[in-house]
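What follows is a single chain, given as structure tokens, in the form predicted alone.
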């Protein structure tokens, strides 16, 4: 009767959880933080839908109206922007935690692949949302992004699929808008439910310490209180950041007056830096090798019982940190040390 009384939540959350998984250092609350950001993004995004006009001319004008004419419009837009940025950061941290914990062995490998897919979808959602204001920065970032696509397999097809014509115009905005508010969010929700279901099916969160493996506590109230607290803390933190650091609105897009240099958004400008050295060795090869390595290597990084082999776990985690550090370095160089004509500033 107790399980039935919880209704819907009985199918989402396991009735009992490992005591070790309730410790903050076990997960750092990253999963709850990601869920909090998703809910904030859906809520604020739904409010923005009432005013945003998906057209080349209407996009920027509607953002101006949201920012300066509607009560709390600027604050809502800022919360939406900051939630997206925090979501991307937490995605990366959550990925590192999974690699460090070794939560990818045995039956958990399927959920690991689902998690990697969720990370890709989250990045795509962030990028499409960044472009929608159609201000000067977004317009030229989209121009660079579409150019980068040409260097990858099926890139030309994807470029024309996004463009919807010969140049960036209203069909482009409509397609990006549809992907941002319908396609990617729907896939995110479906895969998130599948991801949570797999966690429960795999007997809860992965526990490294065997001495805690048989000690379980009821989720209600032990897990629920902690998760609710983390949710409230995350939401308050994002609201405070939005209050003190309001989002800016760049000038309207000017297709006839490109900035020099033209740079992609901060999430992709590191890729632009790598491609400036070599399209093949700086772009295609690293992306292909990283994709293959992080999808398939965890499969062989565990023993026959699905437990991570310590040396291979360290190697996998160290590789992820190294790749991230290199990409951050390229991003820093591209943002602050590239001047006109993409020349290095000394």
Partner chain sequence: MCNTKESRRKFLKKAVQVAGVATGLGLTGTVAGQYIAFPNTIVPVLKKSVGMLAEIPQGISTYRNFQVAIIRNNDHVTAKSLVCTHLGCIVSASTKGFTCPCHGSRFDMQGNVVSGPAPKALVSLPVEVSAQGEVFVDIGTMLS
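Whichever C-alpha set is largest while still superposing within 1.5 Å between the two forms counts as the rigid core. Positions refer to the first chain, counted from 1. What you see is a predicted model; the values in this text were computed from it and never measured.
From this point on, the text means the form predicted in complex with its partner chain, which you will not see here.
Colleague: Pick from 88-96, 194-202, 272-280, 110-118: which stretch has non-hydrogen atoms within 4.5 Å of its partner chain in the predicted complex?
Modeller: Result of the contact check: 272-280.
Colleague: Might residue 175 be said to contact its partner chain in the predicted complex, defining contact as any heavy atom within 4.5 Å?
Modeller: Yes, residue 175 is a contact residue.
Colleague: Is residue 218 part of the interface with its partner chain in the predicted complex - any heavy atom within 4.5 Å?
Modeller: No.
Colleague: Although the partner isn't part of this model, could you tell me whether residue 140 comes within 4.5 Å of its partner chain in the predicted complex, counting any heavy atom of the residue?
Modeller: Heavy-atom contact with its partner chain at 4.5 Å: present for residue 140.
Colleague: Against its partner chain in the predicted complex, would residue 188 count as a contact residue? Criterion: heavy atoms within 4.5 Å.
Modeller: Judged by the heavy-atom cut-off of 4.5 Å, residue 188 is well away from its partner chain in the predicted complex.
Colleague: Give a yes or no on whether each residue among 151, 161 and 261 has a heavy atom within 4.5 Å of its partner chain in the predicted complex.
Modeller: Yes, the whole trio is in contact, each within 4.5 Å by some heavy atom.
Colleague: Going by heavy atom distances of 4.5 angstroms or less, which of 144, 127, 223, 101 would be at the interface with its partner chain in the predicted complex?
Modeller: The residue from 144, 127, 223, 101 that makes the contact is 144.
Colleague: Sequence order please: the residues of 309-344 with a heavy atom within 4.5 Å of its partner chain in the predicted complex.
Modeller: Contacts from 309-344: 341, 342.
Colleague: Following rigid core alignment, is the displacement of the residue 192 C-alpha between this form and the one not shown equal to or greater than 2 angstroms?
Modeller: The answer is no; the displacement is under 2 Å.
Colleague: After superposing the rigid core, is the C-alpha displacement of residue 272 2 Å or more between this form and the one not shown?
Modeller: Shift at residue 272: 2 Å or more after core fit.
Colleague: Taking the rigid core as reference, does the Cα of residue 263 move 2 Å or more between this form and the one not shown?
Modeller: It does, since the residue 263 C-alpha is displaced 2 Å or more between this form and the one not shown after the core fit.
Colleague: What direction does the residue 269-residue 153 Cα distance move in the predicted complex compared with the shown chain, closer or farther, given a change of 3 Å or more?
Modeller: Relative to this form, farther apart in the predicted complex.
Colleague: Relative to what is shown, are the Cα atoms of residue 263 and residue 158 closer or farther apart in the predicted complex, where the gap shifts by 3 Å or more?
Modeller: Farther is correct, given that in the predicted complex the C-alpha spacing of residue 263 to residue 158 is increased by at least 3 Å.
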